[in-house]
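First, one chain by itself: the form predicted alone, in structure tokens.
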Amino acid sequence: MSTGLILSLVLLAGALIWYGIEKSRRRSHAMDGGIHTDITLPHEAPFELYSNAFSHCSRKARLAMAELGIAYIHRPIDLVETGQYQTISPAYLKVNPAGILPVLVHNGHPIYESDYILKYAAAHAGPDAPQLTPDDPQKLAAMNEWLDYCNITNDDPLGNPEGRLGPCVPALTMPIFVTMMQCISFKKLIPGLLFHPDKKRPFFFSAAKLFGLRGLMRAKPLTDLVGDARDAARNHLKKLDDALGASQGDWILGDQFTLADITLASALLRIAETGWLDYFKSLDDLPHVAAYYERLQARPSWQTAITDKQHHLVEQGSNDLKALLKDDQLIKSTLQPLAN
């Protein structure tokens, strides 16, 4: 056996051993939503929040913390869209073995899943915090309906877009994902291809990097996915406009600002920054949605939770997408046709 062959076999064996060890260090599994008092994480403050600047659910958590005036240490975590696969790193998987954002840590105990975090924060804020959950049983039920309406589930994030606004958001986000990938090196995509438990995501991001938005427009299943979400979201925004018009106050449930407004704020932000809100307003008269979104942006919590946490790659991706929609007629006509 030649020396070269022996060396190659040794290197191959070493690579396989490294991969096996690293794979075991990055093993993930689902975690139930809510607080886990059986887990105590290292912490420096009563409240700590692990979140991402671009994550839809992270934004909900930060808005709630800001509205409630809860002081916390922010632990920013990257997704590949903002630079790297930090959620599947061994360090983060000790915080959340599911590898999902956000995570609120209270006195060392983690609270998983954003809607649980919102309700937990509202229940554990100080005595001077505003009340973000209604006392009236009917309004409380309506609030929970809006939370579910905007929720993006981990097990089936695209499920039932016709029935709920939340599942429309990931598909509508696809174009900005593609433009943001042009700012990410292929080297940063490798950990996802090797270790991400859901291989569809890293393969999509790799294809986005390789082919760009124009190239992916040739994939009919992908354009159909976006088109279905686009048409469903248009109907949802008309429904939201009607509900806001019927509301007897500035917010979705009337005069009281609630967790429902926070989850709607996050959904509208994602729709706006990907160019869809302007598109929907060009097709339909949405005066109540437009005014509502302006009121949301004017709240002090928006500055604290959204503007101050903005990521330069999100801004770059949004600007690049807007330029493509303006200059490339194929992309514009495919994504945003002049529908009746």
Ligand SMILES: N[C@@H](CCC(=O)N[C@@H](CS)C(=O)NCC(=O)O)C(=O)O
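Sequential numbering from 1, following the sequence displayed. Only a predicted model underlies this, so the values are computations on that prediction, with no experimental measurement involved.
Same protein, other form: the form predicted in complex with this ligand, not shown, and the subject of what follows.
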Seminar exercise, completed: The one residue among A53, I271, C57, L63 placing a heavy atom within 4.5 Å of this ligand in the predicted bound form is C57
Seminar exercise, completed: Partner-free chain; cross-checking this ligand in the predicted bound form, the single residue of P110, P102, P175, G166 with a heavy atom within 4.5 Å is P102
Exercise. At the 4.5 Å heavy atom threshold, is R201 in contact with this ligand in the predicted bound form?
Worked result: yes
For this session: Using a 4.5 Å heavy atom cut-off, state whether K238 contacts this ligand in the predicted bound form.
Result: no
Exercise. Does the 4.5 Å heavy atom contact test between T82 and this ligand in the predicted bound form come out positive?
Worked result: no
For this session: Indicate whether this ligand has at least one heavy atom within 4.5 Å of a heavy atom of R230 in the predicted bound form.
Result: no
Exercise. Using a 4.5 Å heavy atom cut-off, which stretch among 240-248, 211-219, 144-152, 180-188 contacts this ligand in the predicted bound form?
Worked result: 144-152
